[in-house]
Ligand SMILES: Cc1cc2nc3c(=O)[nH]c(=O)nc-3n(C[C@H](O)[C@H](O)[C@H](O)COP(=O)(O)OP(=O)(O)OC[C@H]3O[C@@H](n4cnc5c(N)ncnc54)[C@H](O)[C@@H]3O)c2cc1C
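A lone chain, given as structure tokens: the form predicted alone.
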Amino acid sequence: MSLLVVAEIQQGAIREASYELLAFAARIGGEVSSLVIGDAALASEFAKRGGGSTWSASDAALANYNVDGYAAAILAAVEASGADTVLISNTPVGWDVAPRVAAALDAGFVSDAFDVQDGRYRRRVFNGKLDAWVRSSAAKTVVSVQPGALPAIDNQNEGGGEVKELALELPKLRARFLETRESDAGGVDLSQADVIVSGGRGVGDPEKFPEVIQPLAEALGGAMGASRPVVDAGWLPHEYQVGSSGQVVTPKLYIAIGISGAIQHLVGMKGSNYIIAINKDPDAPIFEVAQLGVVGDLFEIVPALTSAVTAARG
């Protein structure tokens, strides 16, 4: 089997989820080659960390994401490498380009996979209520892989893999990059946080997040997250959402505050190493996945906890 890993650049660096793709490729088995679009220097870095024979598509028109250009580069890399399986991170970029590449290749398409065994890919269906094992019967397969599905590979190789410039004729691009604007979330990537403190609808109103939730997250050196109802209500931007329709996270510590535990939220955080739930409802489903549950008033418990953590850390 021949695999092509498509690396993604975010804010001038290879996205950590791209190194997770290398771990996913290792689990599949076979010859691995990679594609880095937009920066030849980063292609060399990716090759040294397990990317194998790495193609670089460094055309100036690809310095910023463009779906037509990216799709053309991936298709050219598939042809050059002879890959029969293409791995792309299930990020906003992956959501956009992966189906187009699959359609152009007449390939099987498996979206948001988080495990693979014996040629079968595991993904969640029915909003996380069930897991499905999927096998592609097509000659080629495009797989988008859930960030956080596997730990990123750390295969530093002094020699590194070979880096080659991809021969590429870009089509006429139907859109052009204008500018990047920072969201209010400031580019939150919860998938890389070791500690996450999330608030839900039980927090009561948006002002309570900077007053109650964020101070605990900062005291622990972690990041703040939220449940879907919080985001749907406009209290926080979508970047903060944990769940099947937000970010899937696997931190060392996850604290769920005022979150009842709807299935779509549990799907996004139940892989955390240690889960603490704080909720006034003793029957809240969140307690079913928590290692430690605290039943009580979050407005009494959380500030006291924040004070204790701050004091303990000096």
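Heads up: residue numbers just count along the shown sequence, starting at 1. So that the term is clear: the rigid core is the largest set of C-alpha atoms that superpose within 1.5 Å between two forms. Remember, predicted model here, so these are calculated numbers, not experimental data.
There is also a form predicted together with the ligand; it is not shown, and the following applies to it.
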Would D281 count as a contact of the ligand in the model of the complex, using a 4.5 angstroms cut-off between non-hydrogen atoms? yes
Given that the partner is absent here, does V242 sit within 4.5 Å of the ligand in the model of the complex, heavy atoms only? yes
Are any of the heavy atoms in G119 no more than 4.5 Å from a heavy atom of the ligand in the model of the complex? no
Residue-level question: is G202 within 4.5 Å of the ligand in the model of the complex, judged on heavy atoms? yes
Listed range touching the ligand, judged in the model of the complex by heavy atoms within 4.5 Å, from 189-197, 136-144, 227-235, 214-222: 227-235
Among S58, Q264, S44, N66, just one has a heavy atom within 4.5 Å of the ligand in the model of the complex, namely Q264
If the cut-off is 4.5 angstroms on heavy atoms, which of these, L298, L305, A23, I14, is the one near the ligand in the model of the complex? L298
Since the partner is left out here, which residues of 109-136 would have a heavy atom within 4.5 Å of the ligand in the model of the complex? N127
Does V267 move appreciably between this form and the one not shown, meaning a CA displacement of 2 Å or more on the superposed rigid core? yes
Rigid core fit then D281 CA moved by 2 Å or more between this form and the one not shown: yes
After fitting the rigid core, is the C-alpha of E239 off by 2 Å or more between this form and the one not shown? yes
Have a look at P147 and P285: in the model of the complex, are their Cα atoms closer together or farther apart than in this form, given the change is 3 Å or more? closer
Note on R124-Q247 C-alpha separation in the model of the complex, which departs from the shown form by 3 angstroms or more: farther
